[in-house]
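One chain comes next, on its own, written out as structure tokens in the form predicted alone.
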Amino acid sequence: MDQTQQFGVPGQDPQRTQALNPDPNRTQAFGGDPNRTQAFQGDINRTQMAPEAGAALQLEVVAGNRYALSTRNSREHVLVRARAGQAATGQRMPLNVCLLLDRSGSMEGQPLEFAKQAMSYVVDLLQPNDVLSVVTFEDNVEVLMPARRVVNKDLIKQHIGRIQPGNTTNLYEGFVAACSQVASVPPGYVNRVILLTDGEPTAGLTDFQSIVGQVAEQKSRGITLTTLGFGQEYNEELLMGMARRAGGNYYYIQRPELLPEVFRKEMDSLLSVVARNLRLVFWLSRWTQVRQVYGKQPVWGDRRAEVTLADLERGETLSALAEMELGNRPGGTYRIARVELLYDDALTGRQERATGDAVFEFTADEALIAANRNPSVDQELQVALASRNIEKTVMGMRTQAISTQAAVAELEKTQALFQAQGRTQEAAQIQEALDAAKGGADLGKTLVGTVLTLDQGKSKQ
């Protein structure tokens, strides 16, 4: 094997973690650099950065097994968790929000009136140092109110009250205009576009790739997006795809009177953000590859793989599960990846980083490997596979490949899995979808929100 230096001392095997004592299997405890992760003695499968006082998040890296196979290539998992720190309630950066409203003809009547009420509610929640803009779209796009500080709330509500329905749905150009308003504001804000639509894009660019690609581009500029789908006619796959690429939220709104409550929930979420623009990077040692990061779309580079994560809110944990391809190597303890999480602290506005190491002890003893799987990582893998199963179930219902009865049976199995693991939030989401379906709601539109939550890896602490 190529012994070219990657980490450590020149002339040594770059994959072998240097020990500070005669035990060759003891993972090195790094000293001096506070950003380096120290592996806990006695558990080489778990590394955690000791956070600085007031840090927005804590990073934990957990190997799926204490051991890995040394005699041939193998696959193992690495779980990364980011936990929100204890930010003081009430402290936050100012918000820079654009309300993007579909005012096509199908929104006429109650839907549009409740949407106006919901938008006015958002105005009431904002403070004078927050910035708000309002963009509407149908055939044409109108910047109803350019980005401005929320000082005269009554005047803003008057602008909103004058919104009238139009014709078709030019979603792409509406989104671009909304992002232009957000981007016109100097740095120092938490940026978010909140989109409400009730239909398919019918004007301008309408294909999935163009719209989602534009969302990804805006995300790279620090602008996130939350999508709210109203009624039965909108494309839930498109709205979930947009929210997934943007790192925001997705909501299905079945009835117009629910619009104000959903806007309230979204604003509560936005006001609780403690870390934003999260980027997770795996810096890979030799003979290591990232095969996939479940629910994410990695960008691969030279010995690295990078994914973006959703904004992290107070009291939340974000998880990312990577499947690794590990090449064979001599027995011993190796760091197979340095994990780095970059983020903007939403309280201070500073870019911060946290790091950790993914470490395995390589052995030829397959029985030892089989006996030392990490149960918490196995549970995360089951959740990732369950998310794919929900998505397949929804697609099967849409294409009539499976019956509603069979779909419900599959969902009940997944719900039982979550309950057995103590994941009450996810189990409740599936129950909510099943109950809503009994009341006439679209099961697929409800469940894609559950899939998004699972893929984002969000859970409450």
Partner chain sequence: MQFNSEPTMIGGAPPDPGRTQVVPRAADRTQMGASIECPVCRSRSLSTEIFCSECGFLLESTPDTTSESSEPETPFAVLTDTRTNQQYPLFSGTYSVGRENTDILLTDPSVSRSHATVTVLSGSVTVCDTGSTNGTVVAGKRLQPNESERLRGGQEVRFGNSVMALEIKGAEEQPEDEAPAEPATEAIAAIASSPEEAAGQTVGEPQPEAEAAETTAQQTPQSAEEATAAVKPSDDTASEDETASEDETASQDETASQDQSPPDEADAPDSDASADKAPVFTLKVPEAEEQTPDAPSPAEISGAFFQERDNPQQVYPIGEYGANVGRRANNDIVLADPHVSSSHAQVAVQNGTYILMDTGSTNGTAVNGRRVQPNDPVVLSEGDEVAFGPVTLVFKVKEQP
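Numbering follows the first chain given and starts at 1. In this text, all values refer to a predicted model and were calculated from it rather than measured experimentally.
In what follows, reference is made to the form predicted in complex with the partner chain, a form of this protein that is not presented.
Heavy atoms within 4.5 Å of the partner chain in the predicted bound form belong, among the stretches 313-321, 255-263, 124-132, 194-202, to residues of 194-202. In terms of contact with the partner chain in the predicted bound form, the residue from 219, 329, 77, 116 that brings a heavy atom within 4.5 Å is 329.
Shown without its partner, this chain lists 380, 361, 345, 173 as candidates; in the predicted bound form, only 361 has a non-hydrogen atom within 4.5 angstroms of the partner chain. Looking at residue 411, you'd find every heavy atom of it more than 4.5 angstroms from the partner chain in the predicted bound form. Shown alone here, residue 233 lies within 4.5 Å of the partner chain in the predicted bound form, counting heavy atoms only. Shown alone here, residue 354 lies within 4.5 Å of the partner chain in the predicted bound form, counting heavy atoms only.
Heavy atoms of residue 395 reach within 4.5 Å of the partner chain in the predicted bound form, making it an interface residue. Contacts between stretch 288-315 and the partner chain, counted in the predicted bound form as any heavy atom lying within 4.5 Å, involve 289, 290, 291, 292, 297, 298, 299, 300, 303, listed in sequence order.
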